[in-house]
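We begin with a single chain expressed as structure tokens, specifically the form predicted on its own.
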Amino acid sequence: MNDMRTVERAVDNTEARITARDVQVWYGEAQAIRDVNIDIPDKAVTAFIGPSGCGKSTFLRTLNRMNDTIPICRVLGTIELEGENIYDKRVDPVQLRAKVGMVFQKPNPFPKSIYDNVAYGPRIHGLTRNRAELDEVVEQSLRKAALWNEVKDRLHAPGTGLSGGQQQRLCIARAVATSPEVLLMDEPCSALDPIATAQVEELIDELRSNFSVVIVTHSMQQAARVSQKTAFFHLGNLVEQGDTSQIFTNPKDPRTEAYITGRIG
């Protein structure tokens, strides 16, 4: 019990952007997530790791209410963004997703121009007053996604014409264009080749200076390279969380050690 109190204090001392308490997720009668408690720190990368089907992507999707799109899904517990309960009935999920952006496993640019992909969010949320401001947001977002120099001369070409790695960086530019507080990434490199993966990993490291980043990854090497905090999920439980270096070199739970050493997974 003393250990649990120590963990709670350690978590609470971190400047948290998102706090989750006693979160459960149900799909009909099946429970997918059990009593998850975690703080997501600001200006850091938090990696969720664990075997396939362990609940890491399901939990990630609770952080911007993406599970709302699944009729049989119920989320219990409390998730707060900057102290506000994101599941409060007064919270508009569309507005929430402007604050909590998401990048998916497969690059999914809209069938629009590169410019219109990035401009989409600022337009629908009314974040710019004129074309000059929108131009500035598009340029800055593409710069943050390390894509500007590659596409600045063809902004009106279709986003779907880019390479896989460029498409994923375009999706990142699209996500950051609404100036989110948190950026969620669900296995953002799994469809990319090694060179594009390295570029996106480098980008993730740069993004944490402005955002709280949460990444789900099946690659422990990737988690070790890009994250400062790691949370290990197993069978719907958050087994262990802490500094990435501690989780990988000195895990406290035998299940974490078994996963990291390849005995389970």
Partner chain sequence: MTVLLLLTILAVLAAAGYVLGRRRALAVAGGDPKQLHSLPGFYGWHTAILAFVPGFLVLLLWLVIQPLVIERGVAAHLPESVQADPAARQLALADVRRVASGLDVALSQGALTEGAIAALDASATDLRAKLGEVGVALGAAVSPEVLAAAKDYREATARAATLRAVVIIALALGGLAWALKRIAPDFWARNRVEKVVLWLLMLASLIAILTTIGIIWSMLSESINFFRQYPIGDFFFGLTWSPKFGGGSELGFIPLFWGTIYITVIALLVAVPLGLFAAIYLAEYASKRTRSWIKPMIEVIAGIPTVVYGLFALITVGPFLRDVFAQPFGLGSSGSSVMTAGVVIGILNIPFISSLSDDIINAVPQSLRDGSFGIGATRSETIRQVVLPAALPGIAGAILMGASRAIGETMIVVMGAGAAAKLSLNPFEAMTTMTVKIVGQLTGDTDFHSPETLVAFALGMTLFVITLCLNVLAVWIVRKYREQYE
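For clarity, every value in this text was computed on a predicted model and none was experimentally measured. Positions refer to the first chain, counted from 1.
The next section is about a form of this same protein that is not shown, the form predicted together with its partner chain.
Requested in this report: Could you tell me which of 92-100, 191-199, 161-169, 147-155 sits within 4.5 Å of its partner chain in the model of the complex, going by non-hydrogen atoms?
Outcome: That would be 92-100.
**Report entry** Distance check, residue 218 to its partner chain in the model of the complex, heavy atom within 4.5 Å
**Finding:** No, no contact at 4.5 Å.
Query raised in the report: Should residue 124 be counted as a contact of its partner chain in the model of the complex, where contact means heavy atoms within 4.5 Å?
Result: Output for residue 124 is yes: heavy atoms within 4.5 Å of its partner chain.
Requested in this report: Answer for residue 175 alone: is it within 4.5 Å of its partner chain in the model of the complex, judged on heavy atom distances?
Outcome: So residue 175 counts as contacting its partner chain.
Requested in this report: Evaluate residue 209 for contact with its partner chain in the model of the complex, applying a 4.5 angstroms cut-off between non-hydrogen atoms, and reply yes or no.
Outcome: No - in the model of the complex, heavy atoms of residue 209 and its partner chain never come within 4.5 Å of each other.
Query raised in the report: Can you name the residues of 110-146 that have a heavy atom within 4.5 Å of its partner chain in the model of the complex?
Result: 110, 111, 112, 120, 121, 124, 125, in sequence order.
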